[in-house]
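Encoded as structure tokens, the following chain is the form predicted alone, with no partner shown.
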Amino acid sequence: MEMIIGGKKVTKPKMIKVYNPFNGEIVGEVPEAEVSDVKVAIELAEEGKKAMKELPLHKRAEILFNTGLLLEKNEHKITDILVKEVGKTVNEAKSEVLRTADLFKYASEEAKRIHGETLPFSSVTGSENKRGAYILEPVGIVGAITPFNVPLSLAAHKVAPAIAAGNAIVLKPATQTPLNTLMLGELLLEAGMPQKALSVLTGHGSTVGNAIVEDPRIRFLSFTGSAETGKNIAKNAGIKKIGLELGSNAPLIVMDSANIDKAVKATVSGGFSVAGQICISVQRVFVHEKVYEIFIDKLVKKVKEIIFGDPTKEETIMGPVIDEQNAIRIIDWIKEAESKGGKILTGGKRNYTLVEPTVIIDVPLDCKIMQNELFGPAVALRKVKNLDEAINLANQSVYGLQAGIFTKNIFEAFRAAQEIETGGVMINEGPRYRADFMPYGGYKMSGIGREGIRYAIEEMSEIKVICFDIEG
């Protein structure tokens, strides 16, 4: 496929191969962009941002809504692309396409609700004759760098609010999974996006990504990815607004009053969907000692029922991880936990990129799986005596994106919501839950800022104060 620079398709002499994670087959090729391509894209975006700012809100809403319709129309084709380049199962891929379509439609509604508010100047002594308000204006150019795991929806979480706010966009998808994002770019143009206001650049983060990060003409930078890369972005971005979503090792607490079956279901769906490659995948599970054994028995039974393998087959529940390098790392982390005293109850092996759904119990706190982001299909369990211990363990992390707790005790629920240090606390739901309209982001090393259409629109806008003196 060709990349998009200022609304035009562009190819390059050097191409990057895109591989199927399941079988290693080549599923496509994309151009390897250079720093000069980034500069051209931003130069065109400088013109495109003027066209975007002039678009009335209803026109922006129309582009967004039409994009949603086009995603639905092309669902089969994009689903096939996601299965092949990401390794998602057919059902996971289809759900992502339809979710992304809904996301654009919701953004079209929010585009009509962008407004400021009046300011009470006369409340200040000496300003009795002042009247005014603040309004929201687009920042100009939004740079977006997206990950491999949920590439279509996470691109939409950056692109849709940027359009709603009236910005031009320079978008770089993950090197492993660019095909779906290039197709999204084509659909945006078909939906009416001003050409110079959209570029989708394919290439390596060390060249394309860094050039986007460092260019001062990018006024808002949105990145989803690793904490280490996020640190480098924060150092190199210069004076611009940034939004960083940097992952987690999400905790789930199961108290003795919990609905165990529901908690098990949330652990399975939250820990093993997309092979555990979600920022808010269930990773650490802290279970009250009174229900520890029954929870383990029910969980292991359900995990053993997961059909994993070829993602093109309808019956497959879990597919591969993104590449063999990550599969090896995931197994190494599991084996480290076992070597330090953890017990593997199911899983713990791999075949190329297929990592078995794994449950490991009694995991020591100094293991990598308890401290870092696994991004793989395994959950680590520990027994706790009470809620105080569970909250303390949940907070023993450099991350703080989302957490979950299962309890029927209202006082426990409120305490957890108040004391757990994360951007979201789900009560009687796993940390994997996310509604696309809600503010989404984290504490500590989980990042800066919030996604969610309305909240991202605000971050991708500038506040301008307008003040009148009404005296003669």
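These numbers were taken from a predicted model, which means no experiment stands behind them. One-based numbering along the sequence shown.
This protein has a second form, the form predicted in complex with a small molecule, left out of what is shown; the following refers to that one.
In short, of 370 to 378, 122 to 130, 306 to 314, 287 to 295 it is 370 to 378 that has heavy atoms within 4.5 Å of the small molecule in the predicted bound form. Although the partner is absent here, K84 sits far enough away that none of its heavy atoms falls within 4.5 Å of the small molecule in the predicted bound form. With a 4.5 Å cutoff on heavy atoms, C279 counts as touching the small molecule in the predicted bound form.
Interface residue remark: F223 is counted as part of the site for the small molecule in the predicted bound form, having a heavy atom within 4.5 Å.
With a 4.5 Å cutoff on heavy atoms, N74 does not count as touching the small molecule in the predicted bound form; it lies far away. Just one of S108, T181, N149, Q402 comes within 4.5 Å of the small molecule in the predicted bound form, counting any heavy atom, and that one is N149.
For the options R99, H204, K240, R329, the residue carrying a heavy atom within 4.5 angstroms of the small molecule in the predicted bound form is H204. Relative to the small molecule in the predicted bound form, residues M1, N20 and I78 are all farther than 4.5 Å at every heavy atom.
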